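Given next, in structure tokens, is a single chain: the form predicted on its own.
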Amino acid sequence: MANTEPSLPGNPIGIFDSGVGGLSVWREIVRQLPAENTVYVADQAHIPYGQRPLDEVRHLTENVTRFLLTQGAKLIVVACNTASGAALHTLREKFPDVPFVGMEPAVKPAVERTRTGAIGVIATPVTFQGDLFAGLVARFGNGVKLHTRACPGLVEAVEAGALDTPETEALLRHYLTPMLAAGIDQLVLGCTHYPFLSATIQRIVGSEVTLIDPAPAVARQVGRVLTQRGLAAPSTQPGQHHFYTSGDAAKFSAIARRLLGDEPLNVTAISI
């Protein structure tokens, strides 16, 4: 199924994730492209994507994409590393007329910036299993020591708003201590939920380790694609933003407000 309606500059950018993690990308898009309208979908009925089989993740992302197209999305941001690694190629094949921007762990800038030659990447299990990550390592990982760690439990902590609890800090220390012992000086946040844990992570790793969040680069790419296709919003007025969740709308609104520090959001519950 492809989008049969012509995309127009005033149409919204579609953004989706399995939960609230993609809001770390959404806020950067809104910061860089304030005139753009957005539609955000959190597929919380199926969270976490990172522990589901690849074929199931692909099926779920196709369903979310179809919903976003019914909302008139002119471009779709797969604001989830797991979904990007598992399904981005498939989505582009199934929806050839739709421009997609996906996530990838920021291995390249980490390699360019490292002084010690040791880099850490934290992500979900499915992200590490996908061809996208393997390709990144093959292209950019030569000459450095890459230390990877799947981090079960962190997505759930962010979804619960447990950003700086003793339990979350203990979990992070468990995952990060071996990387610190290996001498990493760059830590790639390979899941869109993880930037919301940046304060706690930075406290653990110290000032000598740089955290790399790909969201600013993703937002810049969204702007480039919109301009290239003549789809950039013509208005100078602030964009309008709508949020949907396949989970509990009230819970999504509460955690989103905590993460973003904004006024109440327009959140609607849907079935995906």
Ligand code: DGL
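Numbers for residues come from their place in the sequence shown, where the first is 1. Computed from a predicted structure; not experimentally measured.
Note that the form predicted together with the ligand isn't included here; everything after this is about it.
The ligand in the predicted complex is not approached by Leu69, whose heavy atoms all lie more than 4.5 angstroms from it.
When contacts are judged by a 4.5 Å heavy atom cut-off, Pro48 counts as touching the ligand in the predicted complex. In the predicted complex, the ligand sits beyond 4.5 Å of every heavy atom of Lys74.
Although the partner is absent here, Cys191 is a contact residue: one of its heavy atoms lies within 4.5 angstroms of the ligand in the predicted complex.
Residue-level contacts in the predicted complex: of Leu176, Val111, Val155, Leu88, one residue has a heavy atom within 4.5 Å of the ligand, and it is Val155. Here the chain stands alone, but in the predicted complex its contact with the ligand, taken as any heavy atom within 4.5 Å, falls in 80-88 among 176-184, 138-146, 80-88, 113-121.
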